[in-house]
Structure formats: structure tokens, C-alpha cells
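Encoded as C-alpha cells, the following chain is the form predicted on its own, with no partner shown.
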């Protein structure tokens, strides 16, 4: 049984490895990661609600670093402390409050016409690629640009800079998600931090002088409503979290969902024939192969779970992807059924206090992207063998490097 989640097989066949861990025991010690892995749905669901498990994984991570790495990453940790996801109450609510209103279902629904417009432009680019080259990369042409454009415009970030912040996000992901290239994590994260901090400091100063209808201006206006008020570093951190989270995870969800569909042509045809079922279909696609493999907690108060003694300071991996394939929670979980009635129970967005703030936006973007993709490219198929597809070697995220696809009709424009 594999316990190293960065082993080649664990990266390539994550669900197969999770199956083995899940059937082995509810909770398993992973010696390579010095962490407990909670594998089953009920255990993960309960752990999300347990305040004895802390979201502050920055403090113990920083404490474990050697002095040189700690010095290199000092600015990175300062930036990440502005991310609400690394805090427990009441500080979590202090950071979450200023941005909550921007992601209400009503506010997100108002974005629908613009998201449709961006998606159709991306599909035009895909069709042009296929007409000229016989194939296109869905990640490059649709999955990345769509959420990147939308979150950039929401924030007030020039869309022309999206390739740059993709690079910075990748660098910062070395510490946020954990990679197999452990020797270079500190340097890469520090480089991404420096660019993010410099960039957003400049934008914040600009919008302080020239307020506009965007999230950065809204954060500036709300920063003094927090108690205590958000510091300059926390404000920059909030901006980077929104940019990072607003495109990274949705990119991966669109990519993974599309791969699942083209590898299940019966389900692809079913969705084409039932376009109004896109909402439930996206929930099932998220359950089947979502973007988050696990979420990290730290034991704040020692306690017993499933016969295992959790000691203060220990790391706990909440296996969301494993939970979403647990046969104790879902019937025939390794099968994709877009009409699955309970797919919405998946834990891909987390649960409880830390349920993803951007979930309404991610759902909207993915529903429109997948719905219009299937409507336009009814015969979409892989343009590479399944064994040629590669996932990034990270502990937390599940992201395809690229997804080559093709279509015989090359997708007629909807006009």
C-alpha cells in the first residue's frame, strides 16, 4: 500500500491509491508526510466540523523549517497570513467578512452574461486551433483563460497581466499545495510572493486614489470595518488569495470535468441531450474527479478518532477526493452518472466554517463552460492517449498539465 502521496503512482492514479487507503482503515498514518490521512466520507465530514482541528497550518510549518528556509520564506508567511483559509475563528471571520458580499449567489448570477461571452470567445479559439492543427489544448484555450479573465476583472486587475500572475501563482503553489520538488519550494514561493506583493501594493495604492467598481476598491472601503482593521499586508494577502483561488481551482475543475466526459462518451451524449441538467451534472463531475485531493488541519487539542489518538501539533489530511469515492456514502462511486441524485453531497468545496467562499462563482463558470462546450463540440474526444496525460505532482491539488482534444466538426459557432 502506497503511503507517499507524491509517489509517481499516487500522482498518476490518485483515486486508486485512495481506494487502498480507504479500505485499509478509516485513518492511516502516512510516514512520508508525518500526517494522519482521514479516508472515509463520514470521518472527513465530521472532521470539518470539529474545532479541535485547526486550520492554522502556517505556524507549525514555519516552526519546522530550518533557519535558512525560514528566512527565505518570511515574506511568504506574512502574505499567507492574510489568507482566511489559514485561520480559525474569530480571526477567520475578520478576514472573510470584507469579501463575503462579493460572492453571494445574486452577485455571482449577475456575471452570467459576461461569462457566456468569455466562454464563447474561448470556444472560438478552440475551433480555430482544431481547424488549423487538428487538435487544441483545452487547458490553454478554455480552462485557464476563463476563470483568470473573470477574477481579474472582478478584482480590477488588467486582464493583459494574466499570464504573469499564472507564473506567480505557480510559484506560490509550491508552498500552498506542496510539490515533489521539495528542494526548490522555498525559492519558488519567495519569488511568487515578491511579485504578488509588489503588484498588488501598486494596485491598492492606485485604487485608493482612484476608486472603481471592483473587489480591490471594495476591500479598501471595508478594511476599516474589521476589528481590528486589516493591515496593509493582510489586504495584499486577501487580494492574492482571491486571485490565486479564483482561477487555480476552477481551471482544474473544468479540465478534470472535461477529461471525465470525453472518457465517458455515453455521459457526454447524455449531457448533450439534457442541457438543462448541467447544474447537477457539474456536481457529479466535481464529486467524480474534483480539483482538491485533500485539505490540511492541525491537531489543536488532543483527542481520539476511530480508535486513533490525535496528539496536539500533528498534521491531519482530510481526504476529500477519497471521501467523494467512498461506497459507504455514494452508490457505485467509481462510475460517472451525471443524473446522480445525491452528487451535491460531495466535499469538493469543503464543509462548514471553511466552505469555499468562491463556490457560487466556480459553479457558474464551470456550468457555462461545460454546457456550452458540450453543446458546440458534441463529438469531443481526446487527441492523446490516456497514458500521455500528466498531473502536477502536488499533495493538495489535482491539475492536468494539458488536455489535448479534437472534434470532427470543429464546433460550429452558435452565432
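Quantities reported herein were computed from a predicted structural model and do not represent experimental measurements. Positions refer to the first chain, counted from 1.
Beyond what is shown, the protein has a form predicted in complex with a small molecule; the following relates to that form.
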| query | finding |
| --- | --- |
| Heavy atom within 4.5 Å of the small molecule in the model of the complex - the one residue of 256, 322, 136, 292 that qualifies | 292 |
| One residue of 92, 345, 188, 337 in contact with the small molecule, assessed in the model of the complex (non-hydrogen atom, 4.5 angstroms) | 92 |
| Heavy atom contact within 4.5 Å of the small molecule in the model of the complex, the stretch among 198 to 206, 70 to 78, 269 to 277, 236 to 244 | 236 to 244 |
| 4.5 Å heavy atom contact, residue 358 to the small molecule in the model of the complex | yes |
| Contact label in the model of the complex: residue 57 to the small molecule, heavy atom within 4.5 Å | yes |
| Partner contact for residue 96 in the model of the complex: the small molecule, 4.5 angstroms, heavy atom | yes |
| Interface membership of residue 193, the small molecule in the model of the complex, 4.5 Å heavy atom rule | no |
